[in-house]
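We begin with a single chain expressed as structure tokens, specifically the form predicted alone.
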């Protein structure tokens, strides 16, 4: 069993959870993820490792209460409870070589997984300029942690309630228009955001890495549900990624694959008392 040692609600529907998992904490590298099972009969859910503490033997995840398993994890499990299974670390770690100036972009929930990446890139000797974006100020989290892990931090909000008004792509364009050095871009967040960033950097010829963990299912390469076109090849996100060259991703295929299980997802939510209560509470 894997004991929950910490839990914090960061914003509406966004939960930070610390889990006792010594072997995972010791082996974790930036960019890797976990497969989590709440109970023995629960589905397997891929969640990126947002931080780890080998000394304490703990890993931290940050997740959005959006489907049945994540809602039940956030609403039913508290500090001291045990999770049935935590498998990891899985996936290929992010390349953290020294290239110069790296712009790291996190949108929404993508703010959490870029934290260890920013730390790793700085430790490798890079200058790290971080752009994080939220819909509005009350949904912000971890900006203090990202500030400590970056040489420069830029915050955007869609409505302008904090920092620069606009999207992360607007902030990226501003950096380019100012002639700022940009040797690599790393973007993690909603797929539509990652595609926008990749299309923006393509004519600039700036290498751009994106994370496609949104479409992972079993996390071990067995089901084939996360296959996606990368250039002239078909790759499995869970074992070959989740990081890929954003300029080679077949984005239309990626978006189509994200819709495959929508009906099953709706049925799973409808059959869960915790999910129904959660959404009823949000409407109040």
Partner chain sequence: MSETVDIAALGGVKEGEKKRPRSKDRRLEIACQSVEARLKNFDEVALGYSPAEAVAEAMRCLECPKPRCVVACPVHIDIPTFIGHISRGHFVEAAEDIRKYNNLPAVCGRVCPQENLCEAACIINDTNPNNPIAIGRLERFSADWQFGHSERRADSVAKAPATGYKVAVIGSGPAGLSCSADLAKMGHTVHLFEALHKAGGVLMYGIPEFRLPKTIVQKEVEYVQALGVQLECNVVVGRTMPVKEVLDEFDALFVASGAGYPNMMGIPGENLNGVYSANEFLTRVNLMKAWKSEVGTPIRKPRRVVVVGAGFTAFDVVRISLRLGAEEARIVYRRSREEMPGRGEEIEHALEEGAIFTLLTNPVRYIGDDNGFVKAVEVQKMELGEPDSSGRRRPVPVPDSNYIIECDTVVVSIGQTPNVLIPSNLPGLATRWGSVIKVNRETYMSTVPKVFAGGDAITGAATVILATRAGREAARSIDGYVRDPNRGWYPPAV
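Residue numbers count along the first chain shown, from 1. Since we're looking at a predicted model, the values are computed, not measured.
Beyond the structure shown, there is the form predicted together with the partner chain, which is absent from this document and is the topic of what follows.
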Thinking of the partner chain in the model of the complex, which stretch from 204 to 212, 73 to 81, 91 to 99, 126 to 134 has heavy atoms inside 4.5 Å of it?
91 to 99
Can you work out whether residue 228 and the partner chain are in contact in the model of the complex, taking contact to mean some heavy atom pair no more than 4.5 Å apart?
yes
Under a 4.5 Å heavy atom criterion, is residue 52 part of the interface with the partner chain in the model of the complex?
no
Closest heavy atom of residue 32 to the partner chain in the model of the complex, within 4.5 Å or not?
yes
At 4.5 Å between heavy atoms, is residue 221 in contact with the partner chain in the model of the complex?
yes
Which one of 86, 139, 154, 182 is close to the partner chain in the model of the complex, taking close to mean a heavy atom within 4.5 Å?
86
Could you tell me if all three of 11, 16 and 143 have a heavy atom no more than 4.5 Å from the partner chain in the model of the complex?
no
Scan 35 to 60 and note down the residues that get a heavy atom within 4.5 Å of the partner chain in the model of the complex; none is a fine answer too.
37, 40, 41, 42, 43, 44
